[in-house]
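Given as structure tokens, the chain that follows is alone and in the form predicted alone.
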């Protein structure tokens, strides 16, 4: 089937974009809204930055907060979830004798954030193995100890495309006096999010992946009881938030970082509108049906699908040995598809991200590439 919504994107028609989960793709209507805001900013730049920017950001954040089930004053715009994770790591009063619990599904940049802060402040890190199909709570509890002060988990894991029970993990952490930090990079626009009921302390989610915003738009949510912990990571005018026009101090500290282009934030509501108008009616009919079909085809090639929770991403264990970077490059150069290939816990994986702009013939090219690699590797 030809994806008629491909016309909404600037994507190269010669390349199959099967890795939406990494960077997203911004629809033309949303890009045009961003360009409109950039023209507004350049027309009267002083007026825009001095008098209009903060109320405009608050207005743009309102529909996003509502969509995520959050109170407006509990949210702030950030450029991406990695930046938000830095804010949280900076905020928590951790030091020698403390420990932060992560797990082996966590994103590499998140590990790096916590390693850097741990080395600087003297606290330690522990990674809990969570075997595929195992109960995450049981695994986390087995690796918690009297030094554990915080737990970091992904709502949807990047490498393995697993949906973790973050509400239950939040309750577990709260019952043990731990701060709970959720990397929701893949959640907005992908799964239902109700932050007011999630019961965690910190949550961050990208808007540019599955909610169609321009690159450089994400949300940081902080529970009321933890907002007093927030302190400036970037010292700018937001440190003295008297000009923030009604924003809470912590929001002003996060959002006011000297002169920068806020157009990605201001265009985020247009991404939400695109989601509601074009994508939500197509998820079941287009993306999920293709994921079922794709899974059957990959199994015929000997690939082992990882557990799936009706996401628009699924990872597969490949039935042969290959150097990931080389195979990724071959799939792009020979078969013209962008499909990530990588190792997780020694397993060779690939991950498909399906959107309503993906054509069946692009999936066929990817499957042919996997088939050729299997034959070339001499796999059974």
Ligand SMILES: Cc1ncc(COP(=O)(O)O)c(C=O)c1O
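Residue numbers count along the first chain shown, from 1. Please read these numbers as outputs of a predicted model, since none were measured by experiment.
One more form of this protein exists, namely the form predicted together with the ligand; it is left out here, but the text below deals with it.
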As a check of understanding, the residue in 72, 306, 110, 191 with any heavy atom within 4.5 Å of the ligand in the predicted bound form should be identified as 110
Contact with the ligand in the predicted bound form, heavy atom within 4.5 Å, among 180, 154, 255, 160 goes to 154
Residue stretch of 200-208, 95-103, 125-133, 275-283 approaching the ligand in the predicted bound form, non-hydrogen atom distance within 4.5 Å
200-208
Can any non-hydrogen atom of residue 22 be found within 4.5 angstroms of the ligand in the predicted bound form?
yes
Residue 185, heavy atom within 4.5 angstroms of the ligand in the predicted bound form
yes
State yes or no: in the predicted bound form, is some non-hydrogen atom of residue 80 no more than 4.5 angstroms from a non-hydrogen atom of the ligand?
yes
